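Just the one chain here, the form predicted alone, laid out as structure tokens.
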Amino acid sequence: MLIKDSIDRSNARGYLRIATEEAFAPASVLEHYRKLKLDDPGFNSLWGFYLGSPSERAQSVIRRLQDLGGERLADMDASGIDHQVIALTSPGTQVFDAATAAAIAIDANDELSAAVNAHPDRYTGMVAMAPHNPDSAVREIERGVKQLGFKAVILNGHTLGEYHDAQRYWPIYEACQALDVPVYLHPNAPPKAMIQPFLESGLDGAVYGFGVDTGLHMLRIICSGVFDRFPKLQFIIGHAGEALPFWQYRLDYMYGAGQRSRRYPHMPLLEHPISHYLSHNVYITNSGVAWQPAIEFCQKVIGVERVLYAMDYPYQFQADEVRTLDEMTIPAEHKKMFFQTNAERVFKLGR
């Protein structure tokens, strides 16, 4: 049992609720964002809103992102969340130059570590790193796992428009496989090269653009051969798998057809169909998708042991959604796996 003090609270429902894609941002990182002059329409759309809007939503998100104490714990209690797995919010370090990014990662990890140490029964941390320099990133990952006790690594989408399927990033994956920690591939706004049609329709953020960009990023990593090289490496993606489970049949068919015909000579020949990697190397959280049909579909397609609960706090903080998922008409053992035991296994909670 992960959280001994929560046994009584969980007895009535039969499981703990562990939320696995929950965000924070130190005040210092938000100040860096305010000062950053970046030719990136996605970053400017996202953080121009959250840092500049007087709306209740923007103000609430900014306040809650910075809180790793009283308000966050009160929100968890009010919505019935027993434990959060917390990561530096997107785009994290990945909009800065390499030196600035590396320093920000260290500071953010230290701040999160202090909160985890203060509330070990309520919080678990993911390691922030700066992928710009993979050797430096590996050193921070090793520090985060071995010294700070963090249980995963956060990769906040592309880095200044570059995806992480390129082999220069593979030392990061080699280190994560060796340390036996998963990589959480979190959304970022689509890069400058693809964002304009999304912006024109107000679809660049979490409403659609995030999912498109992250699904593409995950597919690029799969199709680059990363998992053939590192077969024990595990990734986690949110938002009901960024639609990839729903595309699985067509991905297998069309990617296989492309490989057989050698339509793209630069495409590596994968050892398995894409569906194999989705069900052997990828975990899925439902973050932001409190909807039984999508959750149940992912369980059936990817595997009930590979689908985890997440709230997406504080961006989607809705206590009613927790109760809605409690009422899912799925087998009780599957519900406990979804809310509790899958997360305990993936993040090695309680160890």
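Not measured: the values here are computed from a predicted model. A residue's number is simply how far along the shown sequence it sits, counting from 1.
Only in words, not in the display: the form predicted together with a further copy of the same chain, which the text now covers.
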| property | result |
| --- | --- |
| Interface segment, criterion being heavy atoms within 4.5 Å of a further copy of the same chain in the model of the complex, picked from 78 to 86, 96 to 104, 236 to 244, 121 to 129 | 236 to 244 |
| Option touching a further copy of the same chain, based on a heavy atom within 4.5 Å in the model of the complex, out of G225, P273, P191, P171 | P191 |
| Among the candidates A166, A114, A74, M267, the residue which, in the model of the complex, approaches a further copy of the same chain to within 4.5 Å (heavy atoms) | M267 |
| Distance check, V301 to a further copy of the same chain in the model of the complex, heavy atom within 4.5 Å | yes |
| Exercise: F230 in contact with a further copy of the same chain in the model of the complex, heavy atom 4.5 Å | no |
| a further copy of the same chain contact in the model of the complex: R220, any heavy atom under 4.5 Å | yes |
| Proximity of G52 to a further copy of the same chain in the model of the complex, heavy atoms at 4.5 Å | no |
| Three-residue site M254, R263 and A290 fully in contact with a further copy of the same chain in the model of the complex at 4.5 Å by heavy atom | yes |
| Any residue of 85 to 102 that, in the model of the complex, places a heavy atom within 4.5 Å of a further copy of the same chain | none |
